[in-house]
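Shown below, as structure tokens, is a lone chain in the form predicted alone; questions about how it binds or moves come after it.
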Amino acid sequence: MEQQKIIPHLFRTEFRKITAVLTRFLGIEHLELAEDIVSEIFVLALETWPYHGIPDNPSAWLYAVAKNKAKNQLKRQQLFQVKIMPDLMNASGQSQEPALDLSPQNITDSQLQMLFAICHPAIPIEAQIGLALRSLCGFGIDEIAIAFLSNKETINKRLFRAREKLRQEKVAIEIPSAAAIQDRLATVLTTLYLLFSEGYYSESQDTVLRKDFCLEAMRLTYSLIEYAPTNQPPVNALMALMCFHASRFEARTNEKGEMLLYHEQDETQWDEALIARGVYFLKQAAQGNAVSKYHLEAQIAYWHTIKTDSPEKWQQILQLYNHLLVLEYSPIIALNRTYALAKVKGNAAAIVEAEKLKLENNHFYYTLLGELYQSSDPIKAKIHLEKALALAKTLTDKQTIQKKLQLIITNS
């Protein structure tokens, strides 16, 4: 990997891991200090690697520097004697190196414990999710602002207050009791869902698919399944949903990295093994009587892996969207339902439903209307696609919309 690419890549994959371990090591009250230490590590990499070359094992280099900086920061903060030294004295009275464990298992354990610590009822749910996305998922402030349809200033204030509250409450970094797990699990799942969603479709970078985010979300979700108290139907449903979506990774973009819509994808590139795993987790999710949004979304995603365009398929998808809207209404879910409605009842019926939504700041809204009007009214289709182009944020989206516009112009 080229030098200018490896550090951003490592930041996306390692920042959250090292932050979780350091915070578990130092205590939740030093979350901001842990983030600062990790940021310093990457600054050091930026300053030294261009001159001395990339280390043979870049991740190991980051971990080694993390251990040294953790010890130095503890000394500077006058925490070394109070917090660390009593546990690090051997029989001869000599101090040892801080036992900062950066093994894969401890990284996973630390991330899960941090997730549950951050998802503490002492802070508002939106702040819990935002802090988890920032500290444990490596999201930038811009990405969190997009996820919450908010702005950077609001998000920064929210995260500051959340850190202060966790410090005041002296929240322990641990998997909580069975009763507390039930109170916090929904927020943990929301965080993992948003992490996967940001990877599956990113509006914050000019790349439609960020597999590292998706794979991290899947890894953490699976670790919940491996832990008996959190191996619950909604967790399995979320895992199934991720597997079904991940099965179409290779088919979602062309050789230029441009996004391919569902009907444009090469079905032979779908990953049958991941689809089978999704089916397995969906069956596991069927235990119990409760139905979550993840159950319904996973079933919708399952039907999208069926290689047919039959009326039965789209009727099933439409009914699932109807149930999902009753369970948890969202304008975006309503917009997605409109595509299934067009497949079942035709474009005219779908246009009526879509226009009721009035999502005038959403480029997907105008893109869909452009699609629906294309055969009946090319002029209206062109107007809607031009609005979509003006609102699109990523280069990939703009390219996709531009192609649709060019097709209408060519056929006119």
Partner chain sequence: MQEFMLIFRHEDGGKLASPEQMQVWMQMTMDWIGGIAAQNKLVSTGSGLAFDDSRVVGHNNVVTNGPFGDIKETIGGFIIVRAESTDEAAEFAKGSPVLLGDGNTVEVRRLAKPLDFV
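Numbering follows the first chain given and starts at 1. Computed from a prediction, not measured in an experiment: that's the story for all the values here.
Although not depicted, the form predicted in complex with its partner chain is the subject of the following passage.
> With a 4.5 Å heavy atom cut-off, would you call Val326 a contact of its partner chain in the predicted bound form?
Replying inline: Close contact exists here: in the predicted bound form, Val326 approaches its partner chain to within 4.5 Å, heavy atoms only.
>> So, Leu357 and its partner chain: in the predicted bound form, are they within 4.5 Å at any heavy atom pair?
In response: Judged by the heavy-atom cut-off of 4.5 Å, Leu357 is in contact with its partner chain in the predicted bound form.
>> With a cut-off of 4.5 Å between heavy atoms, is Leu318 one of the residues that contacts its partner chain in the predicted bound form?
In response: Yes, Leu318 is a contact residue.
> Should Lys293 be classed as touching its partner chain in the predicted bound form when contacts are defined as heavy atoms within 4.5 Å?
Replying inline: So Lys293 does not count as contacting its partner chain.
> Looking at Glu353, Glu40, Asp377, Glu32, which is the one with a non-hydrogen atom within 4.5 Å of its partner chain in the predicted bound form?
Replying inline: In short, Glu353.
> Though its partner chain is not shown, can you say which of Gln182, Asn322, Ser150, Gln265 has a heavy atom within 4.5 Å of it in the predicted bound form?
Replying inline: So the residue touching its partner chain in the predicted bound form, by this definition, is Asn322.
> in the predicted bound form, does each residue in the set Lys387, Lys404 and Leu407 place a non-hydrogen atom within 4.5 angstroms of its partner chain?
Replying inline: Verified in the predicted bound form; spot residues all out of contact, no.
>> I need the one stretch from 296 to 304, 283 to 291, 100 to 108, 333 to 341 whose residues put non-hydrogen atoms within 4.5 angstroms of its partner chain in the predicted bound form.
In response: Partner-contacting stretch among the options: 333 to 341.
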